[in-house]
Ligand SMILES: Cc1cc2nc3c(=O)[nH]c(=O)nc-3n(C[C@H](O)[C@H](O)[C@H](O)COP(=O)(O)OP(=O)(O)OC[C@H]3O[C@@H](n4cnc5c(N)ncnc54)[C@H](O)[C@@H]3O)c2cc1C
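First comes one chain, alone, set out as structure tokens in the form predicted alone.
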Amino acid sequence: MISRRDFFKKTIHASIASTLMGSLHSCTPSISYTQTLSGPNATLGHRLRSMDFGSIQKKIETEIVIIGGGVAGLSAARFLKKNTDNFLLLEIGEETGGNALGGSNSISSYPLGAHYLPIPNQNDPELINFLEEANVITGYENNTPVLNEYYLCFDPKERLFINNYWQEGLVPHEGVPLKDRDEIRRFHEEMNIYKNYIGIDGKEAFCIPVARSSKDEAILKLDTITIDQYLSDKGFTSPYLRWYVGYCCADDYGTTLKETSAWACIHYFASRKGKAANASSDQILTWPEGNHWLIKQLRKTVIPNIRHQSVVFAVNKKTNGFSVLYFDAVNNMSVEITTKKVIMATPEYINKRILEDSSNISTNLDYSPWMVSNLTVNGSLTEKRGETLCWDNVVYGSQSLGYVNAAHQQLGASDKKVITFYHPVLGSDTAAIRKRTQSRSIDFWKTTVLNDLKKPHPTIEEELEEMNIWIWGHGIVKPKPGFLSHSTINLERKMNNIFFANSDISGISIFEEAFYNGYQAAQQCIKSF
């Protein structure tokens, strides 16, 4: 007897092997395929620069306004809904989701941004409650969560293309010299020390959410240097280790070794301590559409409260509350909402533009641009030797992050699949890089994607049916040295009945942080009445 999970894995692996053999005898396919270039509606957002919204044509009232419909805004809305229905959520896009949007075609759903959730830590009861509601946590064994196996990533979940070979796992080891392997081992031993480190205040040194991490000065000093300096100070010189750590920084933060706070980088390795009865602590939860699946669960109960294509252009203080002005692009008119409380689930650079009193909001935070490409592949996705197709597939030495297989958990033997390729556009001059990123042609991005993927998949262009390019101008916030002492992060969560909820408060853009900041802001908002 084998478990259902093992049966799924064996079935999928057999299917992959079968299609691989079949491809060896197929005719040479056409290299004609459709391609698109798109992204969030920047045109509507950029109207904030000109403030050309015309006169107010409609006035309404509500008790609470949430500005922004990403994870933080939806988390706030979910919490409010349990206490009141007298609120509105204003979202600039045609759909809520922030940088956790998703798409789909006839083959599969797929992510356009964030695409997984680590096994959750047990110190955030509201997140645990949400995951129970969404049937991600299906029960408990010995007080340890049992996770829905349909949402757990199948093993092997990761592989690395190195030395012309696919190895299991993303830590380089295939063909890596002994000296470098010893250095990699020593680095992970050091990260495990930090994982179990308790500060002098009795708190975990590195915690999710960030707000619950230790304020021990000996640990906070790590935020004064880059991870590049930290590695040098510790004698970590291996190019294999430095590539791997750089990959992790780019993956979670869109930053390089020379940009990333050492504290933030160590947080990546030392903060994830989730436990499950039916999964190891390094497992992940994922869906074909990535974290957009979680977005759909968050917004289920609050859909009537959401106003899409609504760009807020002013939040002004009034005697008994606020005047929130927004442009309703659906009805092509400007609207004024009179409200008592405002939850800002928007990033700092937006807050600076629309808050009447923005003296405490600086513009020091930086945001990395990203390119995400979804490719529909007809056939086997011809492999070089080594480990078979996994969920996460990375090319050693690349500036890109490789690709995820959207259908990794689906049972079945379809000849077609959708893979999602991630490329953070790295560099310190972010404004110039963003401008360049948004002006690039579709041919430029097509070449970028295919040049990387042809290394492990030489015939990929012949197997393509469709390529969709998605550009994020402001992808995720960069945790540079000093980010923990940043003014926005140290703001009280309320400021004259304005409550801040975006992941900018944490300085780290991951689902757990945005979710935490959202419900914390909503909780304080309710208590303030």
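Predicted model, so just to flag it, every value in this text is computed and none were measured. All residue numbers refer to positions in the sequence shown, first residue = 1.
Below, we turn to the form predicted together with this ligand, even though it does not appear here.
Asker: Would residue 255 count as touching this ligand in the predicted bound form under a 4.5 Å heavy atom rule?
Answerer: No, no contact at 4.5 Å.
Asker: If you check in the predicted bound form, is residue 76 within 4.5 Å of this ligand, heavy atoms only?
Answerer: No.
Asker: Mark residue 91 yes when one of its heavy atoms lies within 4.5 Å of a heavy atom of this ligand in the predicted bound form, and no otherwise.
Answerer: Judged by the heavy-atom cut-off of 4.5 Å, residue 91 is in contact with this ligand in the predicted bound form.
Asker: Report whether the minimum heavy atom distance between residue 270 and this ligand in the predicted bound form is within 4.5 Å.
Answerer: The answer is no: residue 270 has no heavy atom within 4.5 Å of this ligand.
Asker: Whether 160, 379 and 403 jointly form a contact site for this ligand in the predicted bound form is the question; each needs a heavy atom within 4.5 Å.
Answerer: No, because 160, 379 and 403 lack any heavy atom that approaches this ligand to within 4.5 Å in the predicted bound form.
Asker: Only one of 145, 347, 288, 274 has a non-hydrogen atom within 4.5 angstroms of this ligand in the predicted bound form; which is it?
Answerer: Selected residue: 347.
Asker: Taking this ligand in the predicted bound form as the reference, which of 113, 456, 246, 209 has a non-hydrogen atom within 4.5 Å?
Answerer: Selected option: 113.
Asker: In the predicted bound form, which of the stretches 54-62, 478-486, 459-467, 495-503 has residues with heavy atoms within 4.5 Å of this ligand?
Answerer: Among the candidates, contact is made by 495-503.
Asker: In the predicted bound form, which residues of 276-311 put a heavy atom within 4.5 Å of this ligand?
Answerer: Heavy-atom contacts to this ligand in the predicted bound form: 291, 310, 311.
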